[in-house]
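In the block that follows, a single chain appears as structure tokens, in the form predicted alone.
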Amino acid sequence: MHNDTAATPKYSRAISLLKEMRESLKEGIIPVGIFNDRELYEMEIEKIFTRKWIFVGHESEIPSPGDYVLRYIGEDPFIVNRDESGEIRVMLDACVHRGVRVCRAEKGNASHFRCPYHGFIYKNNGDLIGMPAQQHAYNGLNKKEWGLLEARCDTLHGLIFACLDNDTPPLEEYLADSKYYLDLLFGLQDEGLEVIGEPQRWIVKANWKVAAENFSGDAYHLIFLHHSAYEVGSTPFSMLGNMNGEQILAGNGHCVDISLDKTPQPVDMPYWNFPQEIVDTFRLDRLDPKGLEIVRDSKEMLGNIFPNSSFLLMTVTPEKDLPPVPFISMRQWRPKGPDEIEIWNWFLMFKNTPQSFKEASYRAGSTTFSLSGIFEMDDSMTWETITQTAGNRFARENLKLNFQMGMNGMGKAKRDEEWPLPGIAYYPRYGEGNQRYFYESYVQTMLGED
């Protein structure tokens, strides 16, 4: 437990705002000002992004010894690489001599990293092994004490997570009940998954919490904002029909949202419309009955791993007259300020899948959830205006946002007492309980009460 807010008077205004939010959240009310506030943002970087596990990539991006990619935790750049022994490491991209970045490319293969300033050289496991004129300049330096700074690192089904705090629980414990659902999706095939193409990245002028909240369980916006996507045929499912399902509080601020009917009727597109030859590769024998029902009957499955790592499996139609195809996306909402994020978007597919299907899946994801995707453009437009509103003086001081759907009999969502799987579930998806849970965890973390 961290409880050092009293020692950080520089955050006094932000702490006051958070304490106000802690009380108003009990009534489902959130001050809009949290979505564009410089002091709050700086506190988030210190209190959240240096302490939580963050998704930074997939093992398939660095298959060979020496492979590396550049990624970010909060604002800090990290080299995610596989060293000569095959171990995956996440190392700060900064020379210990003057802080100069030692990695000069977004990806590649290297046995060493050399600082361009004074020439300090590091092996790809982070060890400092030398510098120019060492006998004259640094004779006697214990190089073992001056390697690249390293983050904790762990993987789940090839997904690489990193954490900067040694006191944070191990990844599996941190994931809590969300691990069951990640196992359900990413553990379907023994061969695992791989990233298709390069991860896409682009800037949106929005606060990171708006995006994380959306993927935590804002199903309600589908009905209006994305209705046109259904009208033009991008999705085979009507948005209203898609509102049946479970919204799950999965521990430690993590949220899962599953579109799933409670009817005995066979669904139109079982197994997310994966072809039968791919379904035959799934290890359905490892699933419990309810897990099998989710894999067989759900229309989409998404969620957010607190704070800013999201996942999505959805079936969409990439182009008129083409059949619906499922795609899988992992995301990181990288904060770049109180009013800006860099969206990182990985498309993944099961390895034991025909190349033609991987390409079709990539195309399906790109036409819907990418920089030019129809869903993406809808979302980005609204996220940006939320952030703009939060930065305006009158709104920041007076506007309180309503997150009450599903509270005290408001709306149809009720606790699903018969939900047999991990987490606390609510049915149907007419609720904002997942968002409130996300923000409760946010406030607790910021105030050191988690």
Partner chain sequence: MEKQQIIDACDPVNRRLLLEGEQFLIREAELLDRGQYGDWIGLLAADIRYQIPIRITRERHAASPFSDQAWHMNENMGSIAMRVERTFSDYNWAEDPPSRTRHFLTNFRLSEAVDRGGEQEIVVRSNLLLFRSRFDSPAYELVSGEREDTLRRTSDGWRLAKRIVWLDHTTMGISSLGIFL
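Fair warning: this is a prediction, and the values are worked out from it, not measured in the lab. Numbering follows the first chain given and starts at 1.
The same protein has a further form, the form predicted in complex with the partner chain, not shown here; the description that follows concerns it.
- Of the heavy atoms in residue 127, none are within 4.5 Å of the partner chain in the predicted bound form.
- Remark: residue 105 counts among the residues lining the partner chain in the predicted bound form, judged by a heavy atom distance of 4.5 Å or less.
- Among heavy atoms of residue 202, some come within 4.5 Å of the partner chain in the predicted bound form.
- In the predicted bound form, the partner chain sits within 4.5 Å of a heavy atom of residue 342.
- Only one listed stretch (147 to 155, 242 to 250, 268 to 276, 375 to 383) carries heavy atoms within 4.5 Å of the partner chain in the predicted bound form, and that stretch is 375 to 383.
- Relative to the partner chain in the predicted bound form, residues 197, 234 and 320 are all within 4.5 Å by at least one heavy atom.
- Only one of 55, 68, 49, 403 comes within 4.5 Å of the partner chain in the predicted bound form through a heavy atom, and that residue is 68.
- This chain is drawn without the partner chain; in the predicted bound form, the residue among 355, 142, 135, 111 with a heavy atom within 4.5 Å of it is 355.
- Along 350 to 373, a non-hydrogen atom within 4.5 Å of the partner chain in the predicted bound form is carried by 355, 362, 363, 366, 367, 370, 371, 372, in order along the sequence.
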